[in-house]
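Presented below, as structure tokens, is a lone chain in the form predicted alone.
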Amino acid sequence: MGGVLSHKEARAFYDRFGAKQDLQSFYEDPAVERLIAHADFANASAVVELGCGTGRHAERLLRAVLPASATYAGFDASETMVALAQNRLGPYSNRARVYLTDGSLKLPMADRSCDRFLSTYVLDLLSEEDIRTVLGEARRVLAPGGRLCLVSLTFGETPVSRLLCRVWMGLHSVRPQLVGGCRPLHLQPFLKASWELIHHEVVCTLGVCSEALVASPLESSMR
């Protein structure tokens, strides 16, 4: 497998990619909808999203799913994405904020300060070490009973999706930028003994498979 993009390379790619990211909605939205169905956002009070992109999923949550009192904080390393998200979430500026990061995966948030940690199509960009860092941050900022809400590209489960996956992996091995730096992952092994799995599902759309996962931090891992 080819190496993952550096934080600088990923930022540069998504600064250029910009609003074209929403063209991926054909396979992203079905998986995110399944995530929303099992993450109990209707009872959330504070949502944090790592890698908010254009703000499309946040806008959906704020408009139609979250309670009117719930707050949202989105973080992204791309100036272009932050500008797009801030514009899209303008109608919710009284309770939603979007922040530009320097690429660090450490969040400027207090311990146990949110009850939903959301990240969609971000971990499949990261190295295994960085994925563990993100999950450590999620465990730190989630309050007891909070939920980790993840969607990632994953491996194919049908003949067509397995063929597409092989092509995708081949492109990634040659030049990760050809596929936006993303590659298929299995998320569950990263949870190990620190998380209680609530829901896990693979959603395939036109041969592209995504893994939707909801988990809660075990109390022993939060001490």
Ligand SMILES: C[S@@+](CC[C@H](N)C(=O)[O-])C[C@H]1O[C@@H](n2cnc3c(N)ncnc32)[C@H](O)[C@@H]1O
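One rule holds for the numbers: they count along the sequence shown, beginning at 1. Values in this document were obtained by computation on a predicted structure and should not be read as measured data.
Just so it is clear, the following notes concern the form predicted in complex with the named molecule, a form of the same protein that is not shown.
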For the named molecule, considered in the predicted bound form: do all three of Glu28, Thr101 and Leu125 come within 4.5 Å of it, counting heavy atoms only? yes
4.5 Å heavy atom contact, Ala10 to the named molecule in the predicted bound form: yes
Is the gap between Pro176 and the named molecule in the predicted bound form 4.5 Å or less for some heavy atom pair? no
Look up in the predicted bound form whether His57 has a non-hydrogen atom within 4.5 angstroms of the named molecule, and give yes or no. yes
Contact with the named molecule in the predicted bound form for Met81, defined as at least one heavy atom pair within 4.5 Å: yes or no? yes
Counting only non-hydrogen atoms, the one stretch of 61-69, 183-191, 168-176, 48-56 within 4.5 angstroms of the named molecule in the predicted bound form is 48-56
The one option of Cys114, Ala138, Ala77, Leu89 with any heavy atom within 4.5 Å of the named molecule in the predicted bound form is Ala77
The named molecule: the contacting residue among Leu105, Ala73, Ile131, Leu148 in the predicted bound form [heavy atom, 4.5 Å]: Leu105
